[in-house]
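This document opens with one chain alone, in structure tokens, the form predicted on its own.
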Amino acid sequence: MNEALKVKNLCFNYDENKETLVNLSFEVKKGDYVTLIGHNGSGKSTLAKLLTYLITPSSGEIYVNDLLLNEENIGKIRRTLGIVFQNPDNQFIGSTVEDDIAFGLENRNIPLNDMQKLVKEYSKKVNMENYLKKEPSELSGGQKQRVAIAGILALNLKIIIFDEATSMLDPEGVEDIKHLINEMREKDPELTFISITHDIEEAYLSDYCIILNKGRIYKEGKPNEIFNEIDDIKRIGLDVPFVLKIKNALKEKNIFINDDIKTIEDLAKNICK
């Protein structure tokens, strides 16, 4: 079994006269960093709720590590899968930063000494180690989001879903979280990330990308392949990653850049060689 997640013929509707998601089928391989992108109303956040069993499908099936996502299996599945939502106020549970990061660990009966170490370790990784005694009211939205991310990452889950989880962070904060994700993936090659995002640049850096449009899968595949189909991308109002625009402009001048180069920094280094 190489799939962390498998979605089969998934349908959902809030209104019986209008389907929100229509016959979605896709797979996420273990260890992959997958992005789900699309405009508001494309069904991204609804899909996130379905993947975490906050709502149930009208029809179709979801498998997590080969277990059918249902009432019987949800307890087991939630020990391997977690989500960070866009609005941190909806998920801040503890009375302090320290309590909030520790909440999930306490529910798993992690020994106190181990729990304290994990709280310190992950608060530091998201640059919140100096705020452990602070209450939610003393934090900005971005700081609350860092705490929510730390609480999920500390649980040592195998599948982590970010539902616009970095949207409230400043650019430096986003880079910090990306660096942390890469660090964790290096330590655990089977750690799987699913990021539901508006960020085209993030999607371009992922291993696999799924584009939703009006509740259906519009395109899916490796980002290099998807975003090179520029007319198709622009047809639904999405933009092309900035790095790809530069690479295509250079190609017109007969300067060809390797497909593996996906960041401005790497592009500049390659050009300067």
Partner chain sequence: MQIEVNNVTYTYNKKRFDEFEALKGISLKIDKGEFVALVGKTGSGKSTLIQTFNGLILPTSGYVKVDDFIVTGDKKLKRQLLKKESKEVQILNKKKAYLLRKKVGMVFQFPEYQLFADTILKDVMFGPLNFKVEENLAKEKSINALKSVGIDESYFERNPFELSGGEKRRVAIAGILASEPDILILDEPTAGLDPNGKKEIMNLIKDIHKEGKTIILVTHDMDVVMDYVDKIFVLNDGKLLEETTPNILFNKENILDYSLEIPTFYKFKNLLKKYGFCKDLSKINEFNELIDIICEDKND
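Positions refer to the first chain, counted from 1. Throughout, rigid core stands for the largest set of C-alpha atoms superposing within 1.5 Å between the two forms. Note that this is a predicted model, so its numbers are computed, not measured.
The form predicted in complex with the partner chain exists for this protein as well; it is not shown, and the discussion that follows is about that form.
- Contact annotation: of the candidates 156, 127, 73, 167, the single residue with a non-hydrogen atom within 4.5 angstroms of the partner chain in the model of the complex is 167.
- A heavy atom within 4.5 Å of the partner chain in the model of the complex is found for one listed residue only; from 246, 230, 67, 217, this is 246.
- Remark: of stretches 27-35, 203-211, 57-65, 235-243, the one touching the partner chain in the model of the complex is 235-243 (heavy atom within 4.5 Å).
- Proximity to the partner chain in the model of the complex holds for all of 39, 253 and 267, with the criterion being a heavy atom within 4.5 Å.
- Using a 4.5 Å cutoff between non-hydrogen atoms, residue 189 does not count as a contact of the partner chain in the model of the complex.
- Within this chain, residue 183 is remote from the site of the partner chain in the model of the complex, having no heavy atom within 4.5 Å.
- Contacts between stretch 171-209 and the partner chain, counted in the model of the complex as any heavy atom lying within 4.5 Å, involve 171, 172, 175, 198, listed in sequence order.
- The rigid-core alignment places the CA of residue 142 2 Å or more apart between this form and the one not shown.
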